[in-house]
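One chain comes next, on its own, written out as structure tokens in the form predicted on its own.
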């Protein structure tokens, strides 16, 4: 739910939409309704194609600031994602479609030093959805049909400034500073079947601000093997409604680990694991009339097959899988899960200065309460290395 002090019609409309009162329709993910929304993975299309397993080593992803140290030339990345989704629950089903720009990054070496820097804008949480219910109410003893809609647009963005230090050619360290900010616009609307009644509309704007810190390393103990680790703490989130401070919510700390093995000149395998302590937000979210929050894990593994080792980014084949738990349950004790399979490729042109990377993911989200979602996600990344 939204923050403490939120107006009652929104809470009632959400409860009605989730627990009864006729058919339900959803646009964007129904798993973004509870808590603060649904997490967005801060990964490039290349990393997504291998299930996210390359994220800990990828200079175009925002998971590990130590990966920035591998930057040898200026680079910029822009990612566009198309999301096609079919959602169902005990009260109905609906299809949805949305477009996002989840990852934007600029990175480059700092001349004359063993340092590199990067600034990125990544999706953190998405809170975009639309819910609708039909019902009949009595007005002065006369039954009147009503259609209630609750819509939300927006979410949270992670703005990261990262520095990577190449301590030795095989050992890199990194530090990241994060500003977590965003805006969500809510609209609660009631339309009447009898046109003599005017629609009732209530709007609210909720803004967020938080600060976080991350640190990480990469280490190549032997020629073909690289390991990585990272720690991140996002502190707490200040929540304002219509410019008035109404609540604070603790954000998670998290640890991540990754391993990458260069099996041959043409084959690379990687795996990663992430744990985030979303349970720290549980008491705050319950105080804001929400269901609560649970700790999450994410596991990923994938392979990349390269056609030409001298131009590894040109027409490779990438495959991966991932599994994750989601932080905000629909009902207490019923934590949703996500499973995805992915594949992708890419091309390089103008002597490697430009690139396109394409990834297709098929994602399955489930909750024991009967909430299901199948999504096809197409990600296109454009990179420039002048």
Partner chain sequence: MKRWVLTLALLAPLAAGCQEDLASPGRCPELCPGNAIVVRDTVIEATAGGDSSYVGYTPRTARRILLVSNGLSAGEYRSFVVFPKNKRDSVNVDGTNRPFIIDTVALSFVIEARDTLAKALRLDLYRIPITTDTTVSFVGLDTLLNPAALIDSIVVADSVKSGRVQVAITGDRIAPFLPAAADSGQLGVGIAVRADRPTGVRLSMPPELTTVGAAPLFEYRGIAEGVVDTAKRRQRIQVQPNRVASTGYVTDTDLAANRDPDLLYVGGPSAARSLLRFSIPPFIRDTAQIIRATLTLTPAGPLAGLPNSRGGDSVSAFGLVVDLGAKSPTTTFGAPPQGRLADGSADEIPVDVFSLVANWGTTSGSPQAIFLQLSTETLGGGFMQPVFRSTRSAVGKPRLRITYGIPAKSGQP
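Worth saying up front: this structure is predicted, and the values here are computed from it rather than measured. Numbering follows the first chain given and starts at 1.
The form predicted together with the partner chain is left out here; the points below concern that form.
Out of the listed residues 233, 88, 157, 262, 88 is the one that sits within 4.5 Å of the partner chain in the predicted complex by at least one heavy atom. Contact annotation: of the candidates 290, 210, 252, 123, the single residue with a non-hydrogen atom within 4.5 angstroms of the partner chain in the predicted complex is 290.
Among residues of the shown chain, residue 94 is one whose heavy atoms approach the partner chain to within 4.5 Å in the predicted complex. Interface membership of residue 238, defined by any non-hydrogen atom within 4.5 Å of the partner chain in the predicted complex, is ruled out. Put simply, residue 330 is close to the partner chain in the predicted complex: some heavy atom of it is within 4.5 Å. Among residues of the shown chain, residue 356 is one whose heavy atoms approach the partner chain to within 4.5 Å in the predicted complex. Look at 164-172, 94-102, 266-274, 218-226: in the predicted complex, residues with non-hydrogen atoms within 4.5 angstroms of the partner chain sit in 94-102. Contact annotation for 142-168: residues with any non-hydrogen atom within 4.5 angstroms of the partner chain in the predicted complex are 150, 152, 153, listed in sequence order.
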